[in-house]
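The C-alpha cells that follow cover one protein chain in two forms, given apart as structure 1 and structure 2.
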Structure 1
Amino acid sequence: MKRLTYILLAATLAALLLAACAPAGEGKVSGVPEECKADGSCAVIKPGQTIKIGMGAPMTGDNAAFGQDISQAAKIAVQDAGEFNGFVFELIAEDDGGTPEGGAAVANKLVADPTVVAIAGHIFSGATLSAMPIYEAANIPMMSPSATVPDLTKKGSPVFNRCVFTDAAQGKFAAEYLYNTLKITKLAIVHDGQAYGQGLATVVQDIFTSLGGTVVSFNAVTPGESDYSAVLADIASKKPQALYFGGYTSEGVVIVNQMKQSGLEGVIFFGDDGTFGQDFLDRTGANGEGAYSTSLIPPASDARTAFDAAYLENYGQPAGKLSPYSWTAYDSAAVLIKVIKDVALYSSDGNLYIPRAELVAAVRAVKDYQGLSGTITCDEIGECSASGPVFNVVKDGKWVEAPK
C-alpha cells in the first residue's frame, strides 16, 4: 500500500511537471506563468471572458461598405475558430470613420481593454498610420487586410503587418495595364489628397511616364464634396484617353457621374481597389459602364468555396460585393487566431494567459500559413501578402474580370 502511494505521488508530480513544461496551447501550466509575472506582460483572459480581436474600420458614412464587408468576413473567421480550452474569440469592430483622427481614437479605446490581444486592421491607411504607435506602445500586433500605402511597413514598427498587396505593386500593375494592354498614351490622374489615394496616384504617374506615356494632368480633389465638374472640365481640355483615380468610392462615383457633362465622354475611368464593390455600381448606374477597378479576388479553392458559401448564408449577399477585401479580411483574423492559439498558456487557475511580446514576435514570424488569398508568409518588415491585384471592368452593370 505504501509502495502504491509513492507510485501515485510520483505520477502526480510527473503530471504537474509535464503540465508546467507543456508547449503553448497544448496543456495546462501551473499558476501564473513566469513570462506573465511582470505587469502588463500578458493578456489575462478569465473564465467567462472572450479573447478579443479589435478592428478599426469605417462603419458609417460614405465608405461604410468597406467596414461592413471586412468586419463581416472577419466574424466568419471567428466563428470558424470555435472553442479554445473553454474560451471563444470575439471581434470588436469600432467605427474609426476611415480617418487619422478616428484611427487614433479607436486605438486608444481598444488598448484600454486588457482582453484585446490583436488587431485585424485598421482598414484605411491614414487611420492605420495614426493608430500604429498606440498599439506599439501596448504590444498589440496588427494584421491589416487593406491598408496598402507602401510606407506603412517602412516605419520600423514591430507590430504592424498586412496581408494585402502594397500600392507600389498595385500602381505598377495599373500603369502597365493602361499603357500595354489598353494602349493608353495620354493619361489624366486625379487623387483625393489622402495618404492612400495620393500615394497610389504618384506611383501610377511615375511608372506610366517611365513606360513612355504622357500624364496630361495630375489633380487633387477635396474629399467629401459633391461637385468636381470644374476640375473635370479643366482635365477635358487636355484631351486624355483615360482618367486614373486614386481614392475611395465616395469621391470616385462623383467623378464618374460628372465625366460626361464635363466633356470627358468616352474617356476611360480607371479606379483602384478603393472603388471596387457593389456600392460603386449602385451609385454610378449606367455612367459606370466600362469603368475599371482593382480587386483581390483569390483563385478558386475548397476553402474559398466554403467561405463564399458561409458569407452568403450569413449575410445574404456574395463575398466581394461590398468591397474587394472579403477574403483578406478573413485571412487577417484567421492568421491572428492561429498565432494566438500557438502562444497562449492555459493555466490550472482557470485563466488563459497570452504573452504580448511573444505574440508580436510570432505574428511577424508567420510562415506558410494557408489562407484564402494564398500562402501567407511575413517578411522582416511585416509584408505578408499572398496575392497580386486583379483588374475588373463594369459590363452590363456587373464587375467582370478585365481581359489580360
Structure 2
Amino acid sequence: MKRLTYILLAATLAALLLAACAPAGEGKVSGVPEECKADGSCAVIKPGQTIKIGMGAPMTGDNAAFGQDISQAAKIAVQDAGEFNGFVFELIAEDDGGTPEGGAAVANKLVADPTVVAIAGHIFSGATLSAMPIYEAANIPMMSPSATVPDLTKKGSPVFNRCVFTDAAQGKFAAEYLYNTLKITKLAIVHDGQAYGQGLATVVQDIFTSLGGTVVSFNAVTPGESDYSAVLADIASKKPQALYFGGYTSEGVVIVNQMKQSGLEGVIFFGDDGTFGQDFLDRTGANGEGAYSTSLIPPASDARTAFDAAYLENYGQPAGKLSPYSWTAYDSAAVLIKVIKDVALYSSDGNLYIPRAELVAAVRAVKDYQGLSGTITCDEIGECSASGPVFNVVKDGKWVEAPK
C-alpha cells in the first residue's frame, strides 16, 4: 500500500512539474472551450489536481472482500493509465456497505467533488439502484463491474452502464452454447427453486426452445437435501443428452454424484457460475469429469497475464481470490479512463476540461473496446459485456476453458 502511495505521489509531483513546464498554447483549445462556457457543464481539472474516478463499494462488513478486490483491481487500471497531458487519474473508493442507503450517501459525497468525472461502480445492485438518480442529475457516467440484477439497465438511466454479464445474458449464452456448440437437442433442466437458479433455468428453457431444441424435463430440487436420485431417475426416463443445472455447488455436487446410479451415465452436466470453483472438483472427483460450468474468469490473453502478475505483485494474492470480479473491475475503470481521454479537452490555460454530457454519451457509445473480460460494446440500454461468459469443462480433475 505504501508503495502505491509513493507511486501516486511521484506521479503527482511529475504531473505538477510537467504542468508547470508545459508551454501555454500547446493544448487542443485555447482558453475556456466553447462547450464549457455554461456553469457546471464541464469538470475543470486544474494543474495539480487529479482526474477522479469514484467508486461505491462495500469496504467493511460481511462483503468487504468484494469492495477490497474490486477497488484493488481498478487501482491497477488507474496505474496503467499513466499520465495524460500532465494529469494523472485517481480512484476514490468510498464505503457504501453494499446497501441502498449507503449507495445514496456515497453518491452524494462523490458528486459534491467537482473533479469526480466518472464512477466505476457501484458494486452491489441495491446500492447501484439508489445511486443512479444522483449521478444522473450530475451527469456522471457509471460503469459497474458487478451489479448484475437484470432490471438495472431497464430503468432508462442514461448514465448507468455495466461491463459484467447479467444472469439473463448468462442463460442466453449457455443455451446457445448447448445447442450450437455441443449440438444438444434434448435438454433436461433442473433448478433449486431459488431466485438465481430458477431465473437462469427459465431463461435457458426459453432460449433453448426458441433455438429449436426440446426441453424434455424441467424440474426442481429442494435445496439442502442430500438425495436427489428420485428426480434424477425421472429425468433419466426422458433420455436427455445434457442436464442444465441452475443453482449452487451444494446441490450441483449431489446431482453430479448421483447421476450414474440414477441412469444418467454419459449425460453432460452443465452448471452455472454458482457451481464453478475448486469445491466442485474436490467433491465430485471422478464423477465430475466432463462437467461444464460457467465463470467470469476471462479467457487467457497477454493482457490478462500482465494484469494477474501486477495484482499478485501489488496485493500478495492472486486476482479472483477475494471476488470473481477482479477482471471486470479492471475493465470498468480502464474503459472509463479511455473514454475520458477521448473526450477531455486540454486547454492553453493549463486546465483540463471534461464536458460532462459528452462523456455520458461517449461511455454509452463505447464500441469494440478490448478488455480483459472480452469485447466491451455498450448497447442502447448500457449492457456493455458483449462477449458473454466463459464456459469451463472438467478435464483430468481440473477446470479448463471449454472450446468455443
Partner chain sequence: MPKPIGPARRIKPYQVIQAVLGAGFAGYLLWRLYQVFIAAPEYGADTWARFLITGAILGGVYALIAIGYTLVYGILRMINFAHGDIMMLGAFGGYFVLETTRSIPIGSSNFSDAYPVWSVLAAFLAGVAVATVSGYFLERIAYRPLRGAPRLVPLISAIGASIFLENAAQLLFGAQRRDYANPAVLTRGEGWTLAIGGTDVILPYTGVLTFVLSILLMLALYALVMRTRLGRSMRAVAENKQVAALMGIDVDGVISRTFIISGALAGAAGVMWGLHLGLVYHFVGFIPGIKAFTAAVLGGIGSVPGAMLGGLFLGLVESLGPAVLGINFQLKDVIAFGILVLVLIFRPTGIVGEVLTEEKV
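For numbering, take structure 1's sequence and count from 1. Everything numeric in this text was worked out from a predicted model, so none of it was measured. Definition used throughout: the rigid core is the maximal C-alpha set that superposes within 1.5 Å between two forms.
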Note to self: form predicted alone is structure 1
Listed options K338, S387, A220, A137; the one at the hinge of the rigid motion between structures 1 and 2 is S387
A C-alpha superposition of the larger rigid part shows the smaller one rotated between structures 1 and 2 by a count of degrees equal to 46
Students should find the CA displacement of G288 between structures 1 and 2, rigid core aligned, in Å, to be 16.2
Students should find the CA displacement of L200 between structures 1 and 2, rigid core aligned, in Å, to be 7.4
